[in-house]
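In the form predicted on its own, a lone chain appears below as C-alpha cells.
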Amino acid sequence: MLLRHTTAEVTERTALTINPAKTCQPIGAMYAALGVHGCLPHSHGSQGCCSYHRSTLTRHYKEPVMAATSSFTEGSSVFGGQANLLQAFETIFTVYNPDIVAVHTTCLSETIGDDISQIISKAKADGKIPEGKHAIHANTPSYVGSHITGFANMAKSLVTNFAEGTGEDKKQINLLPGWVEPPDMRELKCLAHRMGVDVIMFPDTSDVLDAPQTGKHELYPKGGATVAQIRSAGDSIGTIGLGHSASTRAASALEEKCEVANEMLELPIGLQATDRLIEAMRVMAGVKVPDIITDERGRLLDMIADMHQYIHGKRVALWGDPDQLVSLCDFLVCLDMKPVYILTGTPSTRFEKRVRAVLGDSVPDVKIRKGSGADMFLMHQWIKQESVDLLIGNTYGKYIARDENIPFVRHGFPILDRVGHAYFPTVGYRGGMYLLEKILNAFMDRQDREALEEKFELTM
C-alpha cells in the first residue's frame, strides 16, 4: 500500500510538516492577478519558482497560465534583483504590452530584502513603464502563510493601487469572491444579475481560466475585472466580502481608503450560506428576491429531502482552504452529516472558532488543526484511529482514499487528476446541487461496487 508507513499513534511535531495541506503565497497572488483584465503576473525571483507556480495553476485549470519572471541568477541573489526587474518591465511592456504588471515576491527576493515599491518608482522615473500602463506589487514570501495569504495580499494591492472615491453615488455593490473557481465567480455574478444588482467583482477569473476554445490563442482573454471597474469600487454603496481569510484585507483596505462599508460572509456553499448572501444583497441593494432564485433554492431543498437516507449521520474528513472548509462544514451539518476531522495548512487566528460556530453541538468530538503540523500525515493518522465514511479535499487525499478504501470527493485546490471543477460551480443553490450530487454518487458508486450479487439493485 502507498502509505503503509503511517502510524495510528500521533506524535506532536513542531519542526516537521509531512505533505502540507496548502501551497505557497505566490500561487495565490498569481491567481488573483489573473483575475484582472490585461494583467500579466510577474514572479520576482528565480525562473524555477515561476515555473512551479505556473505549472500548478495549469495542471489544476487545464489552461495555459501566462506569467513573467525576473529570472534571478547567483549574482541577483547576492546583489539584489533591481536590475532584473527594471529590465523585465522594459521587455514586458515592449513585447507583451499588458495593461498591468502585477509583481509578487518570492522567498529569495524577500530574503535579500528587495524594495519593490522603490524599484517600481524608479522604473516609472526611467520611463520603463509607459504612460497609461501600471505596475503593482504584493509581498508574498513562501515561507509564511499560504496560497490564500498570497491571494489576499494581491487582492488588497488592487484596492490600494486602483480604488478611488470620487464622491459619485453609484448604485453598485462590490463583491469580493475570495478564492473560488472561475465558474463560481460566474455563478455569483449570475445570482446578482437575477436579483437586479449591479456588482463590481474583483478578482474575477471567469473567462480567463475557463475561456472558450475559439481556435485563436488570446494572451489576455476577455475576462477579468478592468482597472476602471476596480477604480469605481470606491464609489459603491457597500462591499460584500466572501471568505474571511481571502477577502478581509481587501474589504478593510477599501473601507479605510474610500469609506465603503463592508459586510463579511462565509463562502456561499450550500443552502444556509447562500441564503445569507442573497439576504445581504437584498438588503444592501434594496431589491426583492425573484422567483427564479426562490425556485433554485427549492430544488436544492427538495434534493436534500429526497436523498437524506443516503447521507444522514455519515462521518466526513475534510482538508484544504479555511474559507472553503468553514462553508463545507456548514453545508454538511445542514445535510445531517458529521464533519469529524478538519485541517488546513493555512495559518488563521479565527479558523477553529469559525468552524465550531457552524458545527454547534452537532459534532462534539470534532478534531480541528490549522497551520504548522496540519498536514495529510496527521489526517491519515486520525483516520487510522477511527475511520470515516467520506473524504472531501484536494487531489492529495487520493492516497489515503486508496489505502483506506474510503469514498473521495475532490474539492478545493489543487485538483490534478479530475475535470469539472473549472466548469461547474459549487457556490449558490445550483452549486450546492452539483456538490450534493458528487457526494451522493461517491456513496452510491461504492454501494454498487461492493454489493453482493444477491443485493445488487437496479433502483436505489
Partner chain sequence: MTDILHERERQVYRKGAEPFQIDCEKQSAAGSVSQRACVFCGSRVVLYPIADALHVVHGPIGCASYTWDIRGARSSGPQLHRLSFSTDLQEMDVIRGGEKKLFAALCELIDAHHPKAAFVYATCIAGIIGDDVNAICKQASEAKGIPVLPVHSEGFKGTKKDGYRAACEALFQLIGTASTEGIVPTSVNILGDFNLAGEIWMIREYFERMGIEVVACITGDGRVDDIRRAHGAALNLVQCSGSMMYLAKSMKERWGTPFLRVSYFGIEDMAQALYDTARFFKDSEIMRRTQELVHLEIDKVMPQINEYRRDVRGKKAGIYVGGAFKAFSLVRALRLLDMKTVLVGSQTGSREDYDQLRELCDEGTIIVDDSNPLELAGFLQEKEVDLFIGGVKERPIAYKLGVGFCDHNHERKEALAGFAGMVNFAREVHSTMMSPVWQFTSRRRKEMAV
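Positions refer to the first chain, counted from 1. On a predicted model such as this, the values are computed, not experimentally measured, just so you know.
The form predicted in complex with its partner chain is left out here; the points below concern that form.
- Of the candidates 283, 292, 144, 261, 144 is the one whose heavy atoms come within 4.5 Å of its partner chain in the predicted complex; the others do not.
- Of the residues 67, 409, 422, 415, just one reaches its partner chain in the predicted complex with a heavy atom at 4.5 Å or closer; this is 67.
- Remark: none of the three candidate residues (170, 229 and 443) comes within 4.5 Å of its partner chain in the predicted complex, counting heavy atoms only.
- Contact with its partner chain in the predicted complex, defined as any heavy atom within 4.5 Å, is confined among 161 to 169, 129 to 137, 80 to 88, 271 to 279 to 80 to 88.
- When contacts are judged by a 4.5 Å heavy atom cut-off, residue 299 does not count as touching its partner chain in the predicted complex.
- Contact check for residue 54: a non-hydrogen atom falls within 4.5 Å of its partner chain in the predicted complex.
- With a 4.5 Å cutoff on heavy atoms, residue 63 counts as touching its partner chain in the predicted complex.
- Among heavy atoms of residue 341, none comes within 4.5 Å of its partner chain in the predicted complex.
- Residues of 382 to 415 placing a heavy atom within 4.5 Å of its partner chain in the predicted complex, in sequence order: 396, 399.
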